[in-house]
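A lone chain, given as C-alpha cells: the form predicted on its own.
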C-alpha cells in the first residue's frame, strides 16, 4: 500500500436513482438494487484499499448522489475548490463536503453560487502534475477555469464536451501515469481534440471505442500502474497492458444507472504539487451589448446559440425587456471562450447580427500593414453583407463598397481616413488592414413589430417557400417590381440556361421589354441557348415547341456561336438581323447592359463572354451597383457569386427546382431574401401574368 495516496469515498447507504439529471438516469428511477449497489461499492472500496488509503465522508439522507465523491471538489496539495452543482438535486451536498475538508485542514475556496463547477468530475490533473484538464459544456462553466488557475496556481486546458452521455470530463477522459491518456475523442469538439493531440503524443494516446466508452471504461481509477474500472473489452485491455498497466475489473453496473463508475465514486485527495507551476489559462472573456426587439426577432436566442455552438459560454449580465410593443429590449452578455482564436470567431458572428461592445470598453480597431500586394495580414477581419463601421483614431468610419468575404483597408488622405471593403487581390502595399474583431460594429435596423408585419416585403425572411406559397411570393415580387420600375429603380437578373430550357425565355424577354430589368448577369450558356432558340427554335438541340430532339441538333449551339463570332458581338448580330427575338435581343434593343462570365467548360465562347475571371467579377460588381432587387433564376454558381458581392438591404429572390440551391442562398443571412423551390419557367410565367394584372388597370387609368 502506498501511504502517500489517499482517496475520499462515501458509503452508498442512501444511494438510489431518485431523479433524472443525465441520460443514464432516464428509465432507471428506483431500478437500482440497493443490495447489489452496496456489494459493488464494497468491492471497489476493498480494491482501492489494497493500493491506497481510503477516507470516508458520512453519507447524508436525502442526498443519494453523495456516493459520487469525485464531485465533492478539486484538490491540489492542501487546497480544495468546493463544487458548485449545476442541478438543485445535488446542491445540498456542498455544505457536507465543505465541512469535511475544513475538518481535515484544507484551505477551501468557494466559487460564486451562480458559477457551476463540479469538482474532479470536470477537472482532472495530468498525472505528471504539469497541468489541469478542465471540462465544460454540460455541468461546469468555462468561467470557472480562470479561478481554478488562480487558486491552484496551475495551467488550465479547457476542453468542451459535446455528447450529453459524457456530461462530465471523467466519463470520457482519464489521464494515466507516465503521461498516457485514456479517452473517447467523439465526446469532444474538434478544437478540444486538437488541444489534446498537441499535448499528448500519439504513442501515449489510448483511444477508447464507443462500446467501451458507454461502459465507462474512461471512468477509471489510476493508482501508479494499476487501472481500476467497471468493464473493459479484450482489445482495450490488451492496449493498456501493452502500455505497462495492470487492469483490474470490478462490476459497477448499479452505479452506471445513475451515470457513474469507479472514478465517480472516488476523489483523490493527495494530489502532488509540482514546484514549477504557474497560473495560466487561455480563457478569454468579453462583454457585448444588444439592443432591439430581441425576443420578437429571436435575436437573443440566436446570439446565445452562436456562443455555445461556437465553443464558448455566456452569462447574461443584464436584460431589460421592452415594456410595450414598440419598445426595444437591451441585453448585456458576458461571452467566454477557451482561446483568443475561438473568441474571435464567436465575436465575428455576434458582430454580424448587430452585437456591440459597451461604450466604455470600445477600442480602436487593430491595424496591420499590407506587406505584399494582394495579400492580407494574418487574422484579418472578414467582412459581411451588413453595413459596417470601423473605429480608427477615436472615430467611427463607415465602410465603403460593402460586400461579403472582403478585408477592410484603411488609408489616410488629405480628406481624412477612408475605410473600404476590398477583395484580397485588390489590397495594396501602403494600406492598413483591420485584424481581430476589436473596434468593429455592424449597423442593423431596429424595427417595431408593426413595421415588420406591414412591410410590403415582409415575406422576405431568409426562408425557403414551399410550392403552396409560390403564388403568394409571385404576387409580392410583382408588386415590388412594379414599385421599383415606377420610381426609376434598378433590378438585376442573374439567370442560368435552365430559364431557356424550361420555356422561361419568352417571359424573361417580356420583363426586359417592359422595363422591369436594368441588368442581366449570367454565363456563356444562357446567351448561347437563348440565341439558339431565337435562330433555330431549339435549346440544347431540343425543339422547344414539340419537345423532341432534332436530328443534328447537338451541333446547333456551335453554329450559333460561330455565327455570332463572325459578326463580332451579340449587339452587331442583332443589328445585322441575325438575332430577331429572345432575351439577348431585348437587352440590346432596350439598352439593358449584360455581363457574361465564362468558365472552363464553355464552347466558343461568344465574343461577349468575359473569360478573364477577375474582369468578369468586376463587370458583375459594376452592374450590381445601386440594385434594389436581384432575381436569381436557376443558376447556383452565379447566384452565390452575386450574393457575396451584394450588401444587406438589397432584396433577393432565388428560384430553383433544387432545394439545396435555394437553401444555400437563403443561408447567407440576409433578412431581405427568400428562396422559392419551383420550376423557373413556371415562376416566370406566373410573374408575367401577375404583372399584367397590375398593369392593366393602371394603363386604363392613365389612358
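Numbering follows the first chain given and starts at 1. Note that the coordinates shown come from a computational prediction; the quantities given were computed from them, not determined experimentally.
Not on display, but discussed next: the form predicted in complex with ligand ARG.
Within 4.5 Å of any heavy atom of ligand ARG in the predicted complex lies no heavy atom of residue 656. Interface residue remark: residue 90 is counted as part of the site for ligand ARG in the predicted complex, having a heavy atom within 4.5 Å.
Contact between residue 139 and ligand ARG in the predicted complex is found at the 4.5 Å heavy atom cutoff. Not displayed here, ligand ARG is kept clear of residue 188 by more than 4.5 Å at the level of heavy atoms in the predicted complex. Figure note: of the listed segments 98-106, 238-246, 471-479, 258-266, the one touching ligand ARG in the predicted complex, with heavy atoms no more than 4.5 Å away, is 258-266. When you look in the predicted complex, the only residue of 71, 509, 524, 539 with a non-hydrogen atom within 4.5 Å of ligand ARG is 71. For the candidate set 21, 694, 11, 682, a heavy atom within 4.5 Å of ligand ARG in the predicted complex is found for exactly one residue, namely 21. Contact annotation for the candidate site: 25, 168 and 171 all lie close to ligand ARG in the predicted complex (heavy atom within 4.5 Å).
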